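Listed next as structure tokens: two forms of one protein chain, kept apart as structure 1 and structure 2.
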Structure 1
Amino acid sequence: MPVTDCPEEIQASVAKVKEMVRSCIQCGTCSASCPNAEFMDITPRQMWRMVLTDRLDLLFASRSFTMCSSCYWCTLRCPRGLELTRAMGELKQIGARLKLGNSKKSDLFYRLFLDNVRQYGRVREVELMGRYFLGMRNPMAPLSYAPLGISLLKKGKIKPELPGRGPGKLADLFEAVQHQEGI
């Protein structure tokens, strides 16, 4: 998939990432520092090379960038001082917008998380997890989280609440930002 075939806003985001990693010298410090590298089929260093050489087809055929847990080791150690964790964040945003399907679970989770914040201002965990399970369309999914959920409920750390209606506490803020971003 050449960049030029992507919608304009995606091209702009890709250009942003390209600018962020422009001075990469391919030393591999980022890959060597990444705690999640062994779960990745392409390493962070390879990702930056693919960004710089317009091989988004290769980059987005992999879900490596979705493995990033934002630990900031790469950012701390990159000898060129590149903001690599942020660049990973941008790749996650592009992946989600392209609906690539290679990071469905985290895309869904993060999107629902922000919806939750838009509605209430703060996170309501029970509703968030409920919507996450519904969205995954996997009736067995909640089971693997059930023991944790039950202990949290027992301890009164989470409480079921009725889902809210209406525009939501931060709706104006979200709308104003998206308006500025031209989304």
Structure 2
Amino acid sequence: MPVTDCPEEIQASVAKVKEMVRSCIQCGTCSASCPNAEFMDITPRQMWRMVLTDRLDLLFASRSFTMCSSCYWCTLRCPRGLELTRAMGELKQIGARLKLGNSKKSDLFYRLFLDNVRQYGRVREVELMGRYFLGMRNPMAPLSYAPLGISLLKKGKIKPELPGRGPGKLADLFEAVQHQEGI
């Protein structure tokens, strides 16, 4: 997708990311430092190259930018001192605004994760994953997670709990943040 075909808001965000990585020397330290790089289909170094060469079609066709865990290793180890984690966060936001397939799943997960924390004050894993699978609308999706879930249940790492209702222990905090950020 050419940048010029995107809405102005997206073009401005892409320009912002481009400016953040403009002095990248393609040394690959970011890719070598990333703990999730082995699970990505393109490396962070390749992503910065795609941004600089306006290959957003390739960049947003990958799922790599959605896998950033914001650990800041790339930013801390970058010899040019580039804010790569911030650039990756901006790419995630662009993907969410464009409603890309790879971003839809992670957006759904983040939204449900925050709803779960807002409601209970902590994460209730079984309920979170149940709602996530319902939201994905793919009846086969839970099967890929079944071995992990069974293993965690056997080890007592997770326990099934019935969905609960309550006033929301952190609802006031979430509301204050939303008010402060103008959401």
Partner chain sequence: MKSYLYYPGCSLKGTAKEYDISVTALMTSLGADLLEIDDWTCCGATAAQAVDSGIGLALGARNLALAEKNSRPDPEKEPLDILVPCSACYLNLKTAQFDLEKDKAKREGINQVLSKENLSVQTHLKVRHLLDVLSLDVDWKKGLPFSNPLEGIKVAPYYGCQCLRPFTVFDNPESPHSMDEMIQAAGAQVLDWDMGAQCCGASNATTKPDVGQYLVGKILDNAKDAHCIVTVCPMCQMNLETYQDKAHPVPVLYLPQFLGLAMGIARDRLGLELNLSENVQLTGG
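Nothing here was measured: the structure is a model prediction, and the numbers come from that model. Numbering for residues begins at 1 and runs along the sequence of structure 1. Between two forms, the rigid core is the largest collection of C-alphas that superpose within 1.5 Å.
Chemist: Have a look at both and say which one is the form predicted together with its partner chain.
Modeler: Only structure 1 fits here, because that chain is the form predicted together with its partner chain.
Chemist: By how many angstrom is the Cα of Phe174 displaced between structure 1 and structure 2 when the rigid core is overlaid?
Modeler: Value for Phe174 between structure 1 and structure 2: 11.2 Å of C-alpha shift.
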